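In structure tokens, the next block holds one chain alone, the form predicted on its own.
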Amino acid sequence: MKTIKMIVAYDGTNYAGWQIQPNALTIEEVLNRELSSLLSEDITVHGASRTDAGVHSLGNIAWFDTNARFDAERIAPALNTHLPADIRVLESCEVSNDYNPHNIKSKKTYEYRIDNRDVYLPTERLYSYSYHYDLDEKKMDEAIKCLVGEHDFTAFSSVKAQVKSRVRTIYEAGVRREGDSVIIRIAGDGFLYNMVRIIAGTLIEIGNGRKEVSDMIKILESKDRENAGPTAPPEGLVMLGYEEL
């Protein structure tokens, strides 16, 4: 028995997220199916991040156990010949049998992209949230920096988040504008269900003047989801990568 680690990139548009669901196609289901066919045994992959429906990734981590006599490094190119065009394994390698990213100190980085122009570009619609009202990215940047550090993020988590603790550490965060795109970037040791999208929705309300920069701290300290902004749509969110620290 050996354990294989893979770095997986995908366009989440056509999938109901990462995790297997009974009546919808997911990234995990496709990987399980194609790996089982390739290696001629039942394979179950595990993911470092369970991205939501419509969310994209440039570097999620997956791992699985196998008895197949197949060189670990060859799994990625071999698997890619069977995967649909919107999923690719960037690399594969063998790791120790006790490998589990959930038990390793790590940094996960996400970006949320807003197409901030009067009329959205059709080519951006699957990878950005189209928002045509004016946004003040400087206020948004000031506000998101209030979240850096270790905090209880209950106010920025969905009621569906079934976890023992809602305390997370944000290592870095910022908002910048590139032309008509407003880009939110945030990196931390982990994120609660819908956390990044709720933060994005709150920042949009700060950027459009409905909330003040000072409200970010008040919302965080309230630990009340009702005080934060709406959950921003999924298409603007991409997981950039996962880094072991």
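These figures come from a predicted structure and were not determined experimentally. When you see a residue number, it is the position in the sequence shown, counting from 1.
The protein also exists as the form predicted together with a further copy of the same chain; that form is not presented, and the subsequent description refers to it.
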property: Close approach of residue 80 to a further copy of the same chain in the predicted bound form, 4.5 Å, heavy atom; result: yes
property: Heavy atom of residue 86 within 4.5 Å of a further copy of the same chain in the predicted bound form; result: yes
property: Interface membership of residue 197, a further copy of the same chain in the predicted bound form, 4.5 Å heavy atom rule; result: no
property: Contact test in the predicted bound form: residue 104 vs a further copy of the same chain, heavy atoms, 4.5 Å; result: no
property: One residue of 163, 95, 167, 121 in contact with a further copy of the same chain, assessed in the predicted bound form (non-hydrogen atom, 4.5 angstroms); result: 121
property: In the predicted bound form, the one of 125, 138, 132, 145 near a further copy of the same chain [non-hydrogen atom within 4.5 angstroms]; result: 125
property: Residue stretch of 187 to 195, 55 to 63, 201 to 209, 31 to 39 approaching a further copy of the same chain in the predicted bound form, non-hydrogen atom distance within 4.5 Å; result: 55 to 63
property: Within 4.5 Å of a further copy of the same chain in the predicted bound form: residues from 8 to 35 (heavy atom criterion); result: 9, 10, 11
